[in-house]
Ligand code: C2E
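A single chain, nothing else alongside it, follows as structure tokens in the form predicted alone.
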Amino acid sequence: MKHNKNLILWIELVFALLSLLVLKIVGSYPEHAMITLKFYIFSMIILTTVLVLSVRYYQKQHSTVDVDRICEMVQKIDVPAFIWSDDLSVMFANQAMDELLGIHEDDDEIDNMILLSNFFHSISISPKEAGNVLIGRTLKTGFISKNGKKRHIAWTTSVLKKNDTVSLLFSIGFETTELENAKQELIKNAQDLMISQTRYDLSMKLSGIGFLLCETDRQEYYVSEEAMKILGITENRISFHQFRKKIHQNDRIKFDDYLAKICNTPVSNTDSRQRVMELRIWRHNKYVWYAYQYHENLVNKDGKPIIGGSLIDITNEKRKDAKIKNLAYNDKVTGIANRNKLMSDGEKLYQMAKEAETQGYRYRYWVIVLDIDRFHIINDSCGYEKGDKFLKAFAHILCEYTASNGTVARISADNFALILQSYDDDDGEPARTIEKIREAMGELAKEEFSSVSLSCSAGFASMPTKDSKDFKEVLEHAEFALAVGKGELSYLMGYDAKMHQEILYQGEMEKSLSEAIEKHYLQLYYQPKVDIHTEKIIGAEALVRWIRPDGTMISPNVFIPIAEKAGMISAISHFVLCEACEQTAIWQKLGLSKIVMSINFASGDFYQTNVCEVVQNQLDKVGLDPKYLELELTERLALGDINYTVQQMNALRDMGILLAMDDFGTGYSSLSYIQLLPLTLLKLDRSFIIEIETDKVAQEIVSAVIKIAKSMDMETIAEGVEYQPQAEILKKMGCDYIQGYLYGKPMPPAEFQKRLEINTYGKELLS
């Protein structure tokens, strides 16, 4: 606006001069008009000159006042600011600028040109080009102040006054040191982070560690690159459900328990505790062991639980541990787990299942104990090396049927145990599994095992249940269920809670029976065997009795099964053998009738390899001829393994010992088998004798058996004869001997001795 006013004045002056020139050239106007025109022109010239000079003076005065006011304002600014001319001749700086340049109030007058020149050089600008560089733009500079500190300032410059030769400029600097330092630190941190990330990625790749993380309500993990490789996925996210499916079935319960704790348990404090969970995860078509390391009580800024952890391959560590544990937890013969390992793993499963119940989950397992029927026959007939081979084959069968959802272990000589996870509460699963095992077991009956009857018995119990406090008790239940049917082939029994009282009774009876054997509370009673024609005693059957100190007698039907289940039957059999042989020898030394003493042999004793040696040693000890000892075998025992039975019986017959088959006709034998056995006597079961007077079928059976026995050069004896008419019928049929209440109940040794004395000397001589 000021420049426009000057221009108008100068144009008016030019017009006035032109008017004067025209006036001089043109002289045809009247004189009075010329005078008036000249006066007007000169007046315009004078007035214009005065106005131009006035405006110039006003502008000069007005500009000086503006600069002074600006200087006053600049002095009050807290940031560096200065006014300068582009010829470097003028400079006015505020206190902040003086401090930046290191100028003190008591410094002598400093040359402005030198000061500005040095300043512009310090910010890397040519002094001559400073005006052009700074005007109209913001320049960011790094400046080393006099105190040696680097400061970052952004300069903004505007023009205060400009003429043809010199411009007066105003520059102000805004401190950006902190911002620039923060920027540099951010850049450095970003670089460090990039380096750290590179190292992290490399270390994760080299170490094989993967990370899973969830900080939201969504049931899914964020998956690190290495974890993606571990899980075999292409996306960096995986749901909890998908992750769980990759975990081995036996380990899922641990993962479920972990999720339930993390998701459902309120965070009570900020104490973060590290935990480790070992999981088998499917990778490259097999399960690989990983350590899943996580922290409890971790929350994000919103208070939500942080779910996640690291996956570390621990396969090598597991292999090392396996080598160490192999001695303590593996069966040397079969290579599978032993009882120690079963107890350890079983207890873990039991505790996890119980804990899962408190979280609303239900896991059910079957604990099955298997016994190979008559395994001692395999050892005795085939040898221990072949016996071990069979155990390995049997263990392999069990592993095949439990690989996907169970555990298998050898817990004793021929006993194995399985832990199967149950699905859909299927109560029939144990029976189906055992049936499959038996079918596969039957396929082993070839080559060296072709002559052996192969089968197994089993007992099972459910886990966990209210009537068990730990895995040990569950296993005991399964073992008891097996023991209930011990002695029966292909037996299968599930534990029932009602058995508990029987278990207590069983335990008390076992303890009492053990004490009875040790303190000689067992006694032998003898029942006479009579010649059906002469009614003379020709023999006796030794029957064991348990008589307590108070006189109470425990029936053999009660304590013999307990002894068999508790493994005490051998001790009882040995007592019977020794006592019967010794008593028979004593009676013979007294000059009494030489009778045949019959004793019963348990299956475990009959099938032991040294049975002949044991019997011979006892006969030699008491001086008894083998022909006065008769061993009674049950039909089931004799035909358990026909080949081995024939071998054992021939060895006993070669010694001169008599052999009788007890309870003939009640078992499942055939006459073709009887022909193979070197028997000397058949005992007709009392079930046929009871009805022989009235039952025609019983008569026909008894008559047929007697005829068959005679054709095979065997003698026969009927047991359970109580009445004389029964004896008469048997006599007519050709039966040789009679045993029963008709001729005497089982009696103590002293009472039988009196009967034997009568048998020897007659009543008349004794009287």
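Note that residue numbering begins at 1 and tracks the sequence as displayed. Computed from a prediction, not measured in an experiment: that's the story for all the values here.
Below, we turn to the form predicted in complex with this ligand, even though it does not appear here.
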{"item": "Any non-hydrogen atom of residue 285 within 4.5 angstroms of this ligand in the model of the complex", "value": "no"}
{"item": "Residue 527, heavy atom within 4.5 angstroms of this ligand in the model of the complex", "value": "yes"}
{"item": "Touches this ligand in the model of the complex: residue 308 (any heavy atom, 4.5 Å)", "value": "no"}
{"item": "Non-hydrogen atom contact residue 686 with this ligand in the model of the complex at 4.5 angstroms", "value": "yes"}
{"item": "Region of this chain that lies against this ligand in the model of the complex, out of 554 to 562, 581 to 589, 174 to 182, 467 to 475 [heavy atom, 4.5 Å]", "value": "554 to 562"}
{"item": "Heavy atom within 4.5 Å of this ligand in the model of the complex - the one residue of 632, 429, 388, 414 that qualifies", "value": "632"}
{"item": "Option touching this ligand, based on a heavy atom within 4.5 Å in the model of the complex, out of 233, 312, 569, 353", "value": "569"}
{"item": "Members of 734 to 751 lying within 4.5 angstroms of this ligand, judged by heavy atom, in the model of the complex", "value": "740, 741, 746"}
